[in-house]
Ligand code: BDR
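In structure tokens, one chain follows: the form predicted alone.
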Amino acid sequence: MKPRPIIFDTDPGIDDAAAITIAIRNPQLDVKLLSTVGANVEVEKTTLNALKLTEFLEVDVPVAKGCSAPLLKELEPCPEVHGKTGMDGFAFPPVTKAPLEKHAVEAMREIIMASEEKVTLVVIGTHTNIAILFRLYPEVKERIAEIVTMGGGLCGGNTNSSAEFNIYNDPHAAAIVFGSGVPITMLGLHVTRKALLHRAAAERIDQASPAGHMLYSLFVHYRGGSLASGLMIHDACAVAYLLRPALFQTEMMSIEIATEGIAAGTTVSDYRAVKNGEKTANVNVCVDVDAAGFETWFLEEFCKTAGERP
């Protein structure tokens, strides 16, 4: 079976690094592009981090620098979670490559339109690049198989009491994307907070390979939980869904994005309106995850029973 062509739209980010590393190393996926955006840290840093990952993993995956700021608001990065560089904790070799000269939106359009198969977009940062792509080049929508996005949640936020970081940082872009008509699968906080990596598994990954050691070094500095209680590797859930969809329970729901006011960035699902026929379900929402199965899968990506990858 041919590998599934994907584009990562990303803001590395420690959990982004885990997602990207697994995807690049897995033969079921064909990573065509890393397009970067400012979110976890500024776009100059996320772009450099994407280049660090591709060079460290020794893969010829192009990196394209995208938007530095949300559509209509100021960027609010979170270096307190990922460190000042966005990937604190590991001494990557100096970068020798450069990003593409073209903007990420242009690079995405070219790859999507040239692909023989429809491309899957894995969106694990803000939706700014994708919103601009859809507004400038609406013809790409028919060439996209699916958007798999880590963002939002059905209850509780991590920036305020209701909004998740990726949606909060550019709610207007998220509203454009979620209203685009392109098939979307959403992995929100209500699921990703359950998908934990604990110390015993992380230490096995550390010993498995250079890539495993790199990620373990980042995990030690990550403030998305702790190795003792469990790290929340939010963005890796998007890759887990692509590779092991049976780990997740899903339900079609109506999802709308609040764009203004104190609840801006909240993903709202109106269950009653769907039941009454007033609204149509538009998003495939992951509503639960096999937490133990997720951790086993994550470990197996680095410690295959038939032998570890180099």
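Heads up: residue numbers just count along the shown sequence, starting at 1. A quick note: this is a predicted structure, and the numbers were derived from the prediction, not measured.
The same protein also exists as the form predicted in complex with the ligand; that form is not shown, yet it is the one meant from here on.
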#### Entry: Among the candidates C78, V220, V182, A175, the residue which, in the predicted bound form, approaches the ligand to within 4.5 Å (heavy atoms)
C78
### Message
So the ligand isn't shown here. In the predicted bound form, which residue out of V191, L215, M150, V239 has a non-hydrogen atom within 4.5 Å of it?
### Response
M150
#### Entry: Segment that reaches the ligand in the predicted bound form - one of 201-209, 228-236, 140-148, 109-117, heavy atoms within 4.5 Å
228-236
#### Entry: Contact flag, N166 vs the ligand in the predicted bound form, heavy atom cut 4.5 Å
yes
### Query
Just to confirm, N158 within 4.5 Å of the ligand in the predicted bound form by heavy atoms?
yes
### Query
Any chance L133 has a heavy atom within 4.5 Å of the ligand in the predicted bound form?
no
### Query
Is T47 one of the residues lying within 4.5 Å of the ligand in the predicted bound form, judged by heavy atom distances?
no
### Sequence-ordered list of residues in 1-34 near the ligand in the predicted bound form, where near means a heavy atom within 4.5 Å
D11, D15, D16
